[in-house]
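First, one chain by itself in structure tokens, the form predicted alone.
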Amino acid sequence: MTPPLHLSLAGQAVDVLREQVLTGEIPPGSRVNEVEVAQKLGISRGPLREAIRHLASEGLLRLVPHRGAFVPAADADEVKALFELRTALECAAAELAASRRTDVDLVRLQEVCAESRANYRAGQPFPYRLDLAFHQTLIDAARSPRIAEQVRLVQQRVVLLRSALEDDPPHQHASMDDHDELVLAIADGDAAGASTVMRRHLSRVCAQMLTSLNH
């Protein structure tokens, strides 16, 4: 019996390779060196190729016939398309979170916001893991597994494209302000307000990424 992907060598390779791609260890535009990665993970190229196919299905790698797997590079059309989809999904999630959130959800959202502020005041770069944690907590509060599944895939691809772009401190501060405003709307049960803030937030993030691409 074949073990589930997450328990197999290929599943372990998926987790490691995904981390390397999302953190920029394998930079956008570069080719995945199968021999090097397989040796580093201590596995054969068979499970690694299975992992590569899986990540290609998530949009994190691009398979080029006779050339191998490449990490996609950011371009304006891709950024715009991803944010059109992300906006539709996360505005709906924000509305649902305003009506379905629990007190535990609210506390967690507030904790992530506070941690982000503390990091920023300490002079640390805006930690995208906390940005993802905030959005993931909001998605969890929406109690919509289908939306959550699609948002995860879109967010991964946004993180991938972001990994090649420079940080923008004013943008980071504005994002934290947006997160605080989202928490207030969700706490008040203001579905329309939460959706409006999310739309404005994602529109600005998209614009900032497009500006960075042109520099």
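The structure displayed is predicted, hence computed values, not measured ones. When you see a residue number, it is the position in the sequence shown, counting from 1. Whichever C-alpha set is largest while still superposing within 1.5 Å between the two forms counts as the rigid core.
Beyond the structure shown, there is the form predicted together with the DNA, which is absent from this document and is the topic of what follows.
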- [ ] Specify the contacting stretch among 22 to 30, 64 to 72, 173 to 181, 150 to 158, defined as having any heavy atom within 4.5 Å of the DNA in the model of the complex.
- [x] 64 to 72
- [ ] Give a yes or no for Gly42: in the model of the complex, does one of its heavy atoms lie within 4.5 Å of a heavy atom belonging to the DNA?
- [x] yes
Open item on the list: Test of understanding: in the model of the complex, would Asp190 fall inside 4.5 Å of the DNA by heavy atoms?
Closed with: no
Open item on the list: Quick check on Val14: any heavy atom within 4.5 Å of the DNA in the model of the complex?
Closed with: no
- [ ] With heavy atoms only and a cut-off of 4.5 Å, decide whether Gln208 touches the DNA in the model of the complex.
- [x] no
TODO: Taking the DNA as it sits in the model of the complex, which residues of 46 to 61 have a non-hydrogen atom within 4.5 Å of it? Please list them.
DONE: Pro47, Arg49, Arg53
Open item on the list: Relative to the superposed rigid core, does Ile147 relocate between this form and the one not shown - that is, does its Cα move 2 Å or more?
Closed with: no
